[in-house]
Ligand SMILES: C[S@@+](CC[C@H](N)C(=O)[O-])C[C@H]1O[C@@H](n2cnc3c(N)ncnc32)[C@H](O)[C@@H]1O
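A lone chain, given as structure tokens: the form predicted on its own.
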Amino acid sequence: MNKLDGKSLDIISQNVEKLKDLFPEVFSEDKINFEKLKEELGSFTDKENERYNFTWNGKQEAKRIAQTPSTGTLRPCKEDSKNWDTTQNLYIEGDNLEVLKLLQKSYHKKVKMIYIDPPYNTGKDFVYKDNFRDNIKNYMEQTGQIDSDGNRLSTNSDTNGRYHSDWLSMMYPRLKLARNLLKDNGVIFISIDEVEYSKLRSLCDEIFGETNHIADLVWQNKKGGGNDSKHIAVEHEYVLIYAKYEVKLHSFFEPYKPEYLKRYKEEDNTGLFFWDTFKRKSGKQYYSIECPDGTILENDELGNPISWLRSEDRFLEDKKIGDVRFFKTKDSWNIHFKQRLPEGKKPRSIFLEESILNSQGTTSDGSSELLNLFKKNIFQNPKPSSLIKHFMTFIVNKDELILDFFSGSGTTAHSVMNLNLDDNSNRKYICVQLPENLDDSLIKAIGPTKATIQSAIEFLEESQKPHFITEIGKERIRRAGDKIKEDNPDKDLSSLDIGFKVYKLDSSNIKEWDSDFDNLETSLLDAVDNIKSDRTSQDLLYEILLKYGLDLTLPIEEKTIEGKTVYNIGFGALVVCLDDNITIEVVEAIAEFIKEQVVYDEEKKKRHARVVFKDKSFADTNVKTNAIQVLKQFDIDEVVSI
């Protein structure tokens, strides 16, 4: 009986397989012959010693950590969740590096849009200090805000000789892994200020490719004040936009303002339009037009050549299909054409006065949102939900997935709910946040930030919740969803998803083999009973889903078969039984159940069925051996133990 693979997706092996598909001739005894590969690439290889290169101290380690599989898991936390049984949204607590690794199988190419607001490396913010040896251990240390020597983690001060390198090493593996989760027509939006803007551009050019850079938006994040600035009152930030594959990207459009749409009052079979004047005072489209009575329009009343809005070929085509009209004036003729409503409005790179974000698009507005929900100032400089909602309107269709792995106060989740309210849709989100300890953050904070953190701690104290930033994020999403329903009593919001499933990063539920020769008997017993004693069947079940690459929001049917609890995922595609003392009668009953659940695909071929048991579940070794044969008789050829 095969063992379930306990690691996340092996990215190196996956890349090697892709290379093998493209260039099978460069492989010999399953190894790459790089000389042959160079020959295949021909003129695309660079033989010069000097070439453009973007590097920093620690880059190779950053690459290695991106490629190292995780052995961790995500444990379900139903008590912190909202609408667990029905929601399609996820809130994950943990180091986003490990979480991104664990999502590689389940959410590979499933995310339409990523928005992140990472640490800006201002010298005051916390930069994740990744441990390249044991990342789960590293996460446990980070949640306690201490390093492996028991020292408190500090901010990435600009006096540090590797100030920029540390930040780049933190960002590289996360962006590398995030790219794998994007759909081929997906997009990432990254907020940043001028401290690391240029470095982030170079980093993204390397990870996503220069040709996939879409634009850098300029967002006015504050208004007024700034007289205490050293030289210039900086009141803007940047938002970098990269596509996974620009050639597969759909057009970007943003919603029109209602006042803009008012002029499009007429409609035909093609769509909305209004009649617009074809003549322009200046331009470069000069040609003569013959009117219905033979009059030639070529010069205006002053004798100057008339400039027309469109080319002559376009005019003749519009005239042919009835999109042009002539009407007699007192002394001459006038020409109108159908100005049709465009497919959408192209977003602008600078958010100025005409922007949809003008009245609600600063960090001050983001703070006001939270103040409205909590009645306390509990988060420093959050992004306004209208900003992220605005980005989503460019590209995210009504049932697609958005990821934010630096989710902070939960603005992205709030934005998704607001946009779903606007157009009655079902976009979904995954939010990931490290449970930073606010008590430790308070020690390092100064000025207004210190007061804000203190206020957040007081709120959590009153609510009897742990002093973690993730508690603020979860409560913000709960309150925002409830307020949306409260503020819209006349709307049918029964289908609006305001819930979320909470998962928490942890080490695997399965014990590692530890050959402790001084306590060999204990080690052998642990190897037999290999599930950790403090873990539940639910913990184990969701680790199985992760390792199989299944969506963590899939509905799971819980059945009792022959007195044993059986989990049915995907109508018999995966059946899991984690109870003990499994007899052959139980195995036969499970096989019969799966037979009843058989689902056929569009080509009428039976879908693959898989069964998972605990390794020590079987009553004896004979049952284990016979179980495989019994299940094979029912065409179930994948039987796995953990």
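What you see is a predicted model; the values in this text were computed from it and never measured. Residues carry their position along the shown sequence, with the first being 1.
The protein also exists as the form predicted together with the ligand; that form is not presented, and the subsequent description refers to it.
**Student:** For the chain shown here without its partner, which stretch in 115-123, 535-543, 450-458, 262-270 has non-hydrogen atoms within 4.5 angstroms of the ligand in the predicted complex?
**Tutor:** Every other range fails; the passing one is 115-123.
**Student:** Quick check on Arg174: any heavy atom within 4.5 Å of the ligand in the predicted complex?
**Tutor:** Contact check for Arg174: yes, within 4.5 Å of the ligand in the predicted complex.
**Student:** So, in the predicted complex, is Pro382 in contact with the ligand at a 4.5 angstroms heavy atom limit?
**Tutor:** Contact check for Pro382: yes, within 4.5 Å of the ligand in the predicted complex.
**Student:** My question is simply whether Asp300 lines the interface with the ligand in the predicted complex - judged by any non-hydrogen atom within 4.5 Å.
**Tutor:** Residue-level check for Asp300: no, no contact with the ligand.
**Student:** Using heavy atoms and a 4.5 Å limit, would one call Gly72 a contact residue for the ligand in the predicted complex?
**Tutor:** Flag for Gly72 set to no.
**Student:** Given that the ligand is left out here, which of Leu552, Ile561, Leu182, Leu434 has a heavy atom within 4.5 Å of it in the predicted complex?
**Tutor:** It is Leu434.
**Student:** Considering the ligand in the predicted complex, which of Tyr242, Phe500, Trp167, Phe405 comes within 4.5 Å of it through any heavy atom?
**Tutor:** The residue in contact is Phe405.
**Student:** Can you list, in sequence order, the residues from 82-114 that come within 4.5 Å of the ligand in the predicted complex, counting heavy atoms only?
**Tutor:** If the 4.5 Å heavy-atom criterion is applied to the ligand in the predicted complex, 82-114 yields Gly94, Asp95, Asn96.
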